[in-house]
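This document contains two forms of one protein chain, each encoded as structure tokens and listed individually as structure 1 and structure 2.
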Structure 1
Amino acid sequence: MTTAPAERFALRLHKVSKAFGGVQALNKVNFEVRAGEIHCLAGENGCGKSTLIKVVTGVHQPETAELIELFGEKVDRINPVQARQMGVSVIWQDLALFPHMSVAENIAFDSLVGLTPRAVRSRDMMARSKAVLESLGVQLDLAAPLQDLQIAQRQVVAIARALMNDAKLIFMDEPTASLTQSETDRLLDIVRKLSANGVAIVFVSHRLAEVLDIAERVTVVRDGNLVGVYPTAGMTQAHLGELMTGQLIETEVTARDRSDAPTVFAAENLTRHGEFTDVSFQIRAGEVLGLTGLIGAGRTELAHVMMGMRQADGGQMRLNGASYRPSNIRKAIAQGMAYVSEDRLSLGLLQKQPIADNTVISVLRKLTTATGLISERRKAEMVRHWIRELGVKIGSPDDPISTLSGGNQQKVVLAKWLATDPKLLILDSPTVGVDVGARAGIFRIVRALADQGLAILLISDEVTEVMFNADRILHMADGRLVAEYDPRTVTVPELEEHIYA
């Protein structure tokens, strides 16, 4: 390497541009990562973070680029295999794993890539993937097909895969999006260890606390343009949020007392063997009930029972005073339930269909005219309404949903459910991968919906999220409700201590 040690770069980009049709995803962006540095890439949904990663790894070719340099070497046209051989690994935002292949094969897949025929050494792949998982402190069934795993576990598989290749530069595109606190902490430890060993990490996350905690420097991008590079020392979340969105975002406790409103939903001693036990709670009209706890606490399973996707083994539920026991999700929806699921990228969207169709798919009946056909005018109106309301960044409503950035896809799912005009809305980790500005926007809408009398169950790993947006907070641990808190009388550190202790 020719440069002086203090100025050794893992990656340098100068004036890199990339456009998709009419969308300028990157506009003459400069980006530099020092060797061994933990560097954050921050910006709103759709600002071009994932595109930047794809350009560096040769998945997309840039329109123009003055310089792309990896480890001091100028590269012209790079492809994914060359990038990996030079020491670049990626944890993709959408994971890019293979659902029908085994966990071990997913982790060790990159060693199979190439056109020189060679024998597959399954035992060797097993051993190596086991070793990586052990270094992550995780145990997974290596022979299981990936699709049998929960999303958090799939995320771990993607992380393990990126660690397999002895990389010197690792891009992590929202690696913690579906991890819980303890798993996140473990990942951040590993990131620090890698960095200490000289591996440079580019970390993308919409959890700003995490960004400020882990990174030394942060590069902020807005609408494909570079805003600037800042040291994280002395930076606050509010300031970073402002740099990203261009507006000041304040957070405050919004809880209010709804104890005299009528009860919309009640669970009594609800039990499902092996998942949760004796769960009793009520949600009142206009109330936002927060439900938090570690993963595996049974929160998502509870939501599935409420939606009729699984059946309880004991206890009962009441909806608006009447006994409620849906045998499937369609019946639940018909009775006014709505569920924004945790795994919304694969369960909630028709990836190849236009954005507009995805938005209105759950309310087609409302859009039909007397002739039984769908009114294009009403459809366009509704789509426009929700896109504006949620601030979804799109080219045209007729583009397929797969062209949207990850965060913007999430907003479309939310819009789809909000459009059904439900009585009880279950939001399971609704802001995973959503940027600060849009989060604030989503919770503004949630609050407005509650004020109109909608009952809301907000499931979240993020303590601050339930703290600032819920009226009451339930804490679930090992399948039981263990405590209830009032956001107005508890503080964030107290709550964190109770939950992570």
Structure 2
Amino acid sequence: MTTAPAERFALRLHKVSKAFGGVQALNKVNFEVRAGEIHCLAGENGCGKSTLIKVVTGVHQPETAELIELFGEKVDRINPVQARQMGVSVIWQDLALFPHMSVAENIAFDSLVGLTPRAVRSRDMMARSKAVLESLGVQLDLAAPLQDLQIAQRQVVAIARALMNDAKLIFMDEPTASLTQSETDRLLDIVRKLSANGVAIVFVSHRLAEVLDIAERVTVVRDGNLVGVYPTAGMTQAHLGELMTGQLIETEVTARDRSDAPTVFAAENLTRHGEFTDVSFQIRAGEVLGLTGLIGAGRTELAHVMMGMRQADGGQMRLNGASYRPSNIRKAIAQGMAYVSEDRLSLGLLQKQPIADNTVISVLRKLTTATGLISERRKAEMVRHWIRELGVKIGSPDDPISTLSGGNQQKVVLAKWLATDPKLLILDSPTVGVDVGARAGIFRIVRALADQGLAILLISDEVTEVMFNADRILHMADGRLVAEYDPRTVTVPELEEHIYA
């Protein structure tokens, strides 16, 4: 009689706890990943996911732990160097690569770093880098500077660097956040190939559809506590969102007919050479107009022209019935335009500055007294108003904006623009890096603003976002508007088929 082999685990954590000050980041959490498994770690921002990863990689030491086991070996204390030597690798969302170094140098970097200086054999480095890329089915110019590569190619370089270091367990943090659908599909194919070769993958993503597509199991953590471990087979996005937040996340069509409302903004044959051509559309008061399509379709470039950040080469724009052609963003704001950028970290917020300063930075003139100084009383009143109005969760208004979660940072960006009393609000990919619960909160705010008469342009490459939050949907492809859809008469699969065709 033969005995079935014991199940092999890449990682086992039992009752791991970690606190920071008075905050319990992890409370007796269990987490197990099988060898070669694609496993999702899910939860809202601040739930403890990053802390868990940093415990595994030796960045943080837990206060208590019944068991920490890597590849069958029990570990009492581990540091980042030991974790990497044992085969653990993390690919963070910012990738931590070197833009001015070559592709090969980035791939080989970890293997070249040591305690003693040594000569680098360029030929060996190129050969080993090429072999790793070939194992992934990818070809890249090894001599090219990393900064010349697209973000999807940089993701592959980060994976190749992990494999060069003989990684057997790879944590991937939001790996598809900045990728197009086709790029995402290619990356997921590479992840499946890694799994087939015995590499365990822990996938962290706010995109629930791809989580359910790629992972075999999902571990859900909420407020530092383990909610449970679930097979993805039969799991729905709605149920997973409910497990993550403890609330039922409604996904229903909210579209309304706003055709009788006055037109706030109109574009006619708007063109900017090399970016978009003959774009014509209208946005009405109280309407949420969705604009979707693949990344690179010209959506953000169109928003930049609407905000005066770039100039059109042809066509016309009208705002509240009057000719509109702002020469810069200040003039656009003065005429009632507001823009929430897709890149809140570098364009939307001043990360080192206080929450209060970020909230009022766009309306400093409103707060200035006759002496030319900012009234601290008016400033405090405005900050309190918007924090209360948008439900921003903060410690103190004087805390750096970087202390807030992604969802709360995005609410501060909204507050900054709403303080200008806009007539048209452009939301460009407003939920990138924002967890499912915070997304729902942001879109409740968006709907409430529309109900108050604000015209809103919602730009997103996530079909479900425009499907469930827009009144009309425009599809942009290759710099042109190619179709318009009514969310009440089209389904998500039909919309995806048109957009991703």
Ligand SMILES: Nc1ncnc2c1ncn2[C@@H]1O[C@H](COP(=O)(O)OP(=O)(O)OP(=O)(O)O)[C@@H](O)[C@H]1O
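Along the sequence of structure 1, residues get numbers from 1 upward. Between two forms, the rigid core is defined as the largest C-alpha subset superposing within 1.5 Å. Nothing here was measured: the structure is a model prediction, and the numbers come from that model.
- Both panels show the same chain in isolation, but it is structure 2 that comes from the form predicted on its own.
- Remark: with the core as the superposition reference, the CA shift of I445 between structure 1 and structure 2 stays below 2 Å.
- The Cα shift for S259 between structure 1 and structure 2, taken after rigid core superposition, is smaller than 2 angstroms.
- Shown in the overlay between structure 1 and structure 2, fitted on the rigid core, is a CA shift at R378 of 2 Å or greater.
- Aligning the rigid core between structure 1 and structure 2 leaves the CA of G21 offset by 4.4 Å.
- With both forms fitted on their core, the C-alpha atom of D141 sits 8.6 Å from where it sits in the other form; this compares the forms between structure 1 and structure 2.
- After superposing on the rigid core, the C-alpha of G87 is displaced by 2.9 Å between structure 1 and structure 2.
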